[in-house]
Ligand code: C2E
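Next up: just one chain, as structure tokens, the form predicted on its own.
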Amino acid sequence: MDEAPQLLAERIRHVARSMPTAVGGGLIVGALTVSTLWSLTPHRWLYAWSVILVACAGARLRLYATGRNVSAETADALPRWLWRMRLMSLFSGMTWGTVALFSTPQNDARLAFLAYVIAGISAAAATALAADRQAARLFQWTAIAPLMLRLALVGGPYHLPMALMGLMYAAYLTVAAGRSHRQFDETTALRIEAMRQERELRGNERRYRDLAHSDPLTALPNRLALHARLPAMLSLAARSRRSLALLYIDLDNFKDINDTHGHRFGDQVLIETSERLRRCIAADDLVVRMGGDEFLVVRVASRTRDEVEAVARRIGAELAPPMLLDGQNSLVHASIGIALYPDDGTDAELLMRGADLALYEAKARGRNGYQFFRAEMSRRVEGRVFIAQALRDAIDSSQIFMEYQPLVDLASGRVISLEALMRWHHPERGLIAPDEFIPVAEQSGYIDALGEQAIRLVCRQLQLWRGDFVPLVPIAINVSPRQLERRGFVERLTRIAADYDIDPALLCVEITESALMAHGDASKEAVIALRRLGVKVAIDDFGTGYCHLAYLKRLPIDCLKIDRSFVRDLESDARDNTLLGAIMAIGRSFSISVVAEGVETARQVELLRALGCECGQGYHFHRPAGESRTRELLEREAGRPLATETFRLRALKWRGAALS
């Protein structure tokens, strides 16, 4: 058969659903026929026909039972079912025709009644079996043709017209059944096509949803999938009274991997990381790639903190072995922040925030470890948010000012330069320490504006002191790595110095040793450009950042500032003496001056002199001071009386006259 299995299956189901009505109508009309012919026909004929009628009804009901649930998947069984149904229609029609042909006496008026009965049965069958044109045709013609033949053989005045009318009625039913058959096929085909398109749309929607909720690189669920699934996991944990843990994972050195080996190699590292994370979790757990080098593990049924801690250690151990990719080994370490349900929050947003804060704490404590969320982390974040918002208004305002701490020549005790230290006086919170706002400024991107403001304040102060005939010494300004990385830093410094007519030789830029190591190429270019301009360059916190000695050879460094941690235990730890002696020797070898920070006692001064240290800085000499006290110190160091206000006004007047 050339019909599509789905269309054929739909037709069979329709035919099967119509069978109970046709069978019931046939039995009722059969009973009326038997009662009509009971006195005219031998009873054995009627008994036999009744048995055949009931047997046919049972067979049709059996076909109904097998055909109402037929599907297109059983395509080989569809034609057999249809042909059995058609044979049953043919056999049923023949039994009706036999009754009409042989079971009624000739010239009996009740023959007309039987003709109408059989015509009605034929009409009912045509309507019930219209879904299959052949079945309807087989039943109609085998049931009605013998009756028409019997009427024609009788030859009465009204029998021939009745036979002709019966034939015309049968032809009409055949045409109607065919039309119904075509309409059914067209309607069914449209419905099947609509169902197919709906299934296709649902499939596409499912695929698009899967794509939207899946990370294309690692095939892990992504952030959208987490937002869709985490609330349900929390609800299940609440109903079952179980706990749940969120482990926020960030790869510590992923940026270095990308910068060193390229993004293709970095993608392979992410894929390998996702595979290792899958091996660390149970079947009920969820691993999500949050984006970039961040992953999240949702650990279900975590009843104790120790269990979660064991999972965090297992993740760290799984990621620790080197990854051999494209013939290259890559070491990957991870920081993990952990938040627990319901201890740290009862909804997804609070838990995600807690895990993120714990991750930040893990990174701040040296990376390659894990931290559980604690309430004080949230308070610290609120403090950082407050500082970031207030810092935006403080920049370029009088809230930001500079204090100056002198650097002293250890041999003579005289001030040879100053270090400018940024201070912030908030109108509500008062003085905010640099340790609080400088890290926030670096994270929020305000460090560039703050650094430029520091340079401008120092240059303006030098201009004012010069106008007041205050003896000038170089002033060192701390510069962040972010400032050095930015293009145009040296040009901006040059422009600011020119705006205030300041000799660049009066400026010194301090760069931390760790920044020099982390941003080697960018720092090297900036240092060379600064020295060409005439600005001095000092390495701050020397000894804490594992500085490569080749940098001291290649870069034009003017000064090494020894970190205070080496000076603090100088009196009690002989190893510090050895280290400081080595640093002094390095400085002398490269013709670089050495400054000891954090000098607090006279004994430390003696030891530093004995080691050959030239300069010192610390509370033993001077504490950081504001503009007026620093002015007095510089004037006192110059060996001249302090300038009075009258003298300043007179000096300003002389300068104005000279300029005019």
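Everything numeric here is computed off the predicted structure, so don't read it as measured data. So that there is no doubt, residue numbering starts at 1 and follows the sequence shown.
The same protein has a further form, the form predicted together with the named molecule, not shown here; the description that follows concerns it.
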| query | finding |
| --- | --- |
| The named molecule in the predicted complex: contacting segment from 265-273, 349-357, 234-242, 399-407, heavy atom within 4.5 Å | 399-407 |
| Contact of Glu606 with the named molecule in the predicted complex (heavy atom, 4.5 Å) | no |
| In the predicted complex, Asp435 touching the named molecule (heavy atom, 4.5 Å) | yes |
| Heavy atom of Val599 within 4.5 Å of the named molecule in the predicted complex | yes |
| Ser214, heavy atom within 4.5 angstroms of the named molecule in the predicted complex | no |
| Three-residue site Arg423, Ala454 and Asp540 fully in contact with the named molecule in the predicted complex at 4.5 Å by heavy atom | yes |
| Ile557, Leu570, Ile502, Val479 - the one with a heavy atom within 4.5 Å of the named molecule in the predicted complex | Val479 |
| Contacting member of Arg278, Arg313, Arg492, Arg564, with respect to the named molecule in the predicted complex [4.5 Å, heavy atom] | Arg564 |
| In the predicted complex, residues of 253-272 near the named molecule [heavy atom within 4.5 Å] | none |
